[in-house]
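The chain below stands alone and is given as C-alpha cells, in the form predicted on its own.
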Amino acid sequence: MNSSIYGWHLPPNVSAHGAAIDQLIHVVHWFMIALFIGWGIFLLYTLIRFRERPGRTASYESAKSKLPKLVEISVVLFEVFLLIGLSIPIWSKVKNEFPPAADSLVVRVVAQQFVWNIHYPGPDRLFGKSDPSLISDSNALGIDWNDPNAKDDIASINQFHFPVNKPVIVYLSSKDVIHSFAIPVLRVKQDAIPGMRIPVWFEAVQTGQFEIACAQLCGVGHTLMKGYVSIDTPEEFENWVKEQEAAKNL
C-alpha cells in the first residue's frame, strides 16, 4: 500500500469504531514494551548477580523474595483487564450491535481468485436471485437478471462505493478458497469462507479513496487481489448509482 497515504504506523482511521480499536492496539503495544524492558533488566540483573565468581558455590534453593511472584500476578491481572475490560467490549459491539438494515446500505461481497465482486440491491433494497448455473465471464455472481428484484441491481468488480456517515452491512462469502476482506482505514478484517455468509458492518466518517486488500494467502495471484473503496458524499453516491444504472441500459 502507498506509504504516502497509509504511513509507516497505523493507517489513517476513517471509521466510527476505529478509535476504540486503535486505543486497544496502543495499550497492548505499550504494555509489551514495558514487559520487554522489565524482563530485559531482570535478565541482566540475574546474569550479573549470579555470575560465576571465585570462592562462590552454586545454591540450589529457590529465592525467598516475593517480588517476582507479585510481578507475575500483576501481569496476569493486567492481561485479564485487557481481555475483559477492553477487548471483549469492543469485539462485542462490533460483532453483535449491528445497525438496523433499514438505516444502512446492505451489499453482498463475494470473493474469488483474485477479485472482489460487489452486489448492490438497488433502490428497491431487494437482492435479485442468483444461481451458480448462470455464472459466466460477464455475470460473475450468477445474478438472474430476469428476476423482477434484480432489475435495479448493480454489480461491480473491485469498485466498492458507499456514502459517508451511513452504516454499511456487508454479507461476505467466497466462490472458491478462503479469503480475508480487509479495509485497513476502516479497521475491518473478516474471513470470507466458501459455503458461509458472514455479516460485517462499518461506518465511514470521512470521504476518500482507499484500498481493499486480501489478508489471507489465497493463491499465486494473491498480491493482485486488490479492490478500491470510494467513500462518497451522499450526492456523489447517488450519482454513481445512476451512472451504473444507465450503463446497464446501453
Partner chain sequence: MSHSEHQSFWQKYIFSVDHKVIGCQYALTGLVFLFFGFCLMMLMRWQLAFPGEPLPVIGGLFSDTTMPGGVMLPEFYNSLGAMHGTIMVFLGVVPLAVGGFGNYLVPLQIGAPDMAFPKLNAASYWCYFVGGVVMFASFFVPGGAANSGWTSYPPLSDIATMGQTFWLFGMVALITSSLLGSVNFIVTIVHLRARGLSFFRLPFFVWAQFVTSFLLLLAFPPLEVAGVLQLMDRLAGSSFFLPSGLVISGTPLGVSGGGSPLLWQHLFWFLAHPEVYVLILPAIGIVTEIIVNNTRKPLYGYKTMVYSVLFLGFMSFVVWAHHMFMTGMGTTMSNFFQATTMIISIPSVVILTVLILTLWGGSIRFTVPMHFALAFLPMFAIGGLTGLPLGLTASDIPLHDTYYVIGHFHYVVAPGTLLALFGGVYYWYPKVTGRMMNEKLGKIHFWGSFLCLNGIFMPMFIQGLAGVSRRLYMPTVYAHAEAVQGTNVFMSYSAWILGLVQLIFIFNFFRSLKKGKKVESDNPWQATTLEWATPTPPPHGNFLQEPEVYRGPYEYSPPGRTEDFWPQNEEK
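All values reported here derive from a predicted model rather than from experimental measurement. Definition used throughout: the rigid core is the maximal C-alpha set that superposes within 1.5 Å between two forms. Residue numbers count along the first chain shown, from 1.
Keep in mind the form predicted in complex with the partner chain is missing from the figure; the text below concerns it.
The single contact residue among V164, V177, L105, L126, judged by any heavy atom lying within 4.5 Å of the partner chain in the predicted bound form, is V177. Taking non-hydrogen atoms only, L83 approaches the partner chain to within 4.5 angstroms in the predicted bound form. Residue contact check for N96: one or more of its heavy atoms lie within 4.5 Å of the partner chain in the predicted bound form. Taking the partner from elsewhere, W30 is found to have every heavy atom lying beyond 4.5 Å of the partner chain in the predicted bound form. The closest heavy atom approach of T223 to the partner chain in the predicted bound form falls within 4.5 Å. Only one segment in the set 72-80, 117-125, 142-150, 156-164 has residues whose heavy atoms sit within 4.5 Å of the partner chain in the predicted bound form; it is 72-80. Residues are counted as partner-facing when one of their heavy atoms sits within 4.5 Å of the partner chain in the predicted bound form; in 88-113 these are I88, I90, W91, S92, V94, K95, N96, Q113, in sequence order.
With the core held fixed between the shown form and the other one, W30 has its Cα displaced by under 2 Å.
The Cα shift for M196 between the shown form and the other one, taken after rigid core superposition, is smaller than 2 angstroms.
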